[in-house]
Structures are given as C-alpha cells and as structure tokens.
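The chain below stands alone and is given in structure tokens; this is the form predicted alone.
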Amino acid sequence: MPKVAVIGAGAMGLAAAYHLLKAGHKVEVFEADAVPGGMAAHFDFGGVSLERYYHFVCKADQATFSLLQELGLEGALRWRRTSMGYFYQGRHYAWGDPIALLRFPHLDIISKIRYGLMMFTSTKRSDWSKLDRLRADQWIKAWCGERGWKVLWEKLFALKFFEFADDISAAWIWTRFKRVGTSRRSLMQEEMGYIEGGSEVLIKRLVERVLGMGGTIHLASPVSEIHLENEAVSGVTVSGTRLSFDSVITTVPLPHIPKMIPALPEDMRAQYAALKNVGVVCVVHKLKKPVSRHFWLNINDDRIEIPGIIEFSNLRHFGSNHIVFVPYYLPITHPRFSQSDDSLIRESFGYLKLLNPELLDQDRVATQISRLRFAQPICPPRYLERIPPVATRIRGLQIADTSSYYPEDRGISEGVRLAREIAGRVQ
C-alpha cells in the first residue's frame, strides 16, 4: 500500500488521514501549528474551551452528520433556535423571516417582495452553473433592484472583500443563502446546530482514531518542500529532513503551493499564483452582558467598519458568559491587518458599545485575537474554470483547500466530504 503524507491537520487533513488508514495505507500527518485543528483549533479562554474562528452546523451538512455517526459522536450534536438581526444606521431590526422583512422600514414594498422571492428561489435552486458566470452584485441587483443592493448588501460586500467586492461569483453567495435558508425549523424560525464542547471534540476524536489505527501526527512540523521526480511525487522536506512518500495530500491554503513545490510545471504554478485570498483578524470578547439576542447580526452603519458580529453564546451555551466574535476580513496589505492588539480591542469593543449602549468597560471580561493570512478565497465569476483540480497531473499528488469545494464556502462539512473523496483516489 502507498505511504502517504498528509500536509495540514485541520478537519480536512485529519479526515483524509482517517479514511486512508481505514483503507490500509501508512499515513503521516504534518502540521505547522503546535496544535491540530486548523481553523477549528481551540484555545483556553479563561477556563472556556473556544474555537479561534466560529463554526456552526446547518441542516444541509450531511457529511458532518455521517462522520459524527461513524466516530460515535452523533450524541454530541445539539440544535438551537437562533435568529438573525440587522443593525441599520443606529437601530436594531429583526431579520430572517417574512414578517421581519415586511416590517423593515428602509425598503419599499416592491424591493421587499423581490428580496423575498430571491431568498425563496435560492433555497429551491440546485443548478448553479449559470450563477458561476455572473457577478454577485449583478445577480442581487437583478432580483432586489438598486435600492435593495445599496441598503442590504453594498457595504457588507465592501467590508468583506474590499477591492474585490465587485468581482465575486453569484454562485458563491447563492450557496450561503441556500445553506442558511434551508436550516430552519419553520418559515418563521431559524435553527442552527453545534457540537457540544465545540469543534475540538470532533478534532480530538479524529486524532484519537488516526493514532489508534497506526498513523502518525507531527505537530510544529511545517513542510518546506514537496519533491517531484519524473512527473510524480517523491517525498517532502520537514525541518531540514527529506522523507520519501508515494503519495502526498496537501490541505494548506493554495497560495502556499508555488513556494512549497518549486519543481511544479510553470503552467500549474501560474494557476495557483493567480488565486486571491483575504485574511482575517478575529477578535473574540468574553462579556458579562449580551450585545443582542441574535446569533448573527449584520451591520450597515456609517460609524462601524465591520460587516457583522457573531454572538456565539446565542448558539452554544457558556453559562453566564457571553461570547462575541468580531471578524475583520481584510487583505493582508491593509493597514488594519497589522494593527496592534490593544488598538483592535478598543475599536471592536467600541463597536459593541454602539450596538448596545448599556455595555460598560467593566463588562469586558477577556479578549483574544487570532490572525490568519489566507482566510477567505476570492471566487470571481467563472471560478470553476480557474480553480486547479484536486487530483493533479503529477502522479501521487493531490492539492486542496477551502476553495476546492466551490461554490460551497468554508466549512467543516464540505472539508470532510472532500477528504473522503481524496482518500478514495489514493491507489
């Protein structure tokens, strides 16, 4: 059986290793970080185990359900009624159901009907091939009109994608509408899920299974090079040591690939080099008071330079603590990406006080900041033609990251689904 190297110990890499070991392969996993999990890795937040970057489960996440059942963790899945809100120019509004839409005062009735129809048809749509050829702003404007775009979407896109805001695929935004739109208890009630104890529970079980089946996981072990010989993969270099492998699977962000594989053919190198990403600076506050009653709060306010917050404690219980994620999605060249932690803490907490004027400085218990250089792939129109195939023409080499399951967005379910397919191709 082939000896396989898996680069990256996030959910996708660990799931791939697990399925490879089940098939009888010899597997070694290499992770640059000191802990496994990737974007699902946890940290100790003053006695609370919390993810660096928020994750939630939707009812469409079949791959997650299947893996949890296979690992004996199906009992850890919890569902909770959640809600979405919209903070528009200084006021909170309910959002996410027909009544809230009708009551929203900043759209005319025609725009509301058009918006409602867009959301309804998005949950029923399955063929997205035409959407891959359209820009998201064009598609939304065609449904909602110019007023609907400006009130509901324009600023959110600008603060998520910056200079790329007018070059995002309609297929990408459609999948977000569909995934969240189909995760409902009823027309009037959204319902989201989470794993009791957080995503760390799934990561730990995968690590246990990989080690228990004879696999090896090397932490704090970045791979500096993947070696090719005669149009086939031959091994990797880790910490200055070259190791031989028959097959290599990499799950690190695709922008790393040109440097990681110097012998890559020039046409493949150009394809990876052309891909764009934005980073994220994720500020997490632990508070004594809630900010709102919503899990997800979209924001369009001239004083606030973020597109929204995720009040995670309105999904997963944390006792008396209230956990709020404040993500700044930014190109890594943006000055705010390298802004000091103290400055970001003051700024982000100031935003929370604008959202809830009853919050006082003493209500902030703790804050954690995480930075990721490649967090959100930029998926322009016709992205399906641009994204390199996972199974490369280099024998034994498969390359994937969160953009590889386009048009689906980043998520554990999509990653573990792709991991099963990747493992099945190793021969």
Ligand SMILES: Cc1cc2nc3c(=O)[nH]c(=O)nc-3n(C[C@H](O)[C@H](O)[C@H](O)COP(=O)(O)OP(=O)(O)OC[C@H]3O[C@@H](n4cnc5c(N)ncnc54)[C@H](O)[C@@H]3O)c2cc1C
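None of these values were measured; they are calculated from a predicted model. Start at 1 and count along the sequence shown; that's the residue number.
Not on display, but discussed next: the form predicted in complex with the named molecule.
| task | Select, from the options 383-391, 55-63, 42-50, 357-365, the stretch whose residues sit within 4.5 angstroms of the named molecule in the model of the complex by heavy atom distance. | result | Flagged stretch: 55-63.
| With the partner absent here, would M118, I140 and G145 each sit within 4.5 Å of the named molecule in the model of the complex, counting heavy atoms only? | Answer is no for this spot.
| Does the 4.5 Å heavy atom contact test between T402 and the named molecule in the model of the complex come out positive? | Output for T402 is yes: heavy atoms within 4.5 Å of the named molecule.
| query | At the 4.5 Å heavy atom threshold, is P222 in contact with the named molecule in the model of the complex? | reply | Yes.
| task | Find out whether any non-hydrogen atom of A17 is located within 4.5 angstroms of the named molecule in the model of the complex, and reply yes or no. | result | It does not: once the named molecule is placed as it appears in the model of the complex, A17 has no heavy atom within 4.5 Å of it.
| in the model of the complex, V4 touching the named molecule (heavy atom, 4.5 Å) | Because no heavy atom of V4 falls inside 4.5 Å of the named molecule in the model of the complex, the answer is no.
| Which residue, F164, W128, F349, Y329, has a heavy atom that falls within 4.5 Å of the named molecule in the model of the complex? | That would be Y329.
| query | In sequence order, which positions of 1-29 have a non-hydrogen atom within 4.5 Å of the named molecule in the model of the complex? | reply | Read in sequence order, the residues that approach the named molecule (within 4.5 Å, in the model of the complex) are I7, G8, A9, G10, A11, M12, G13.
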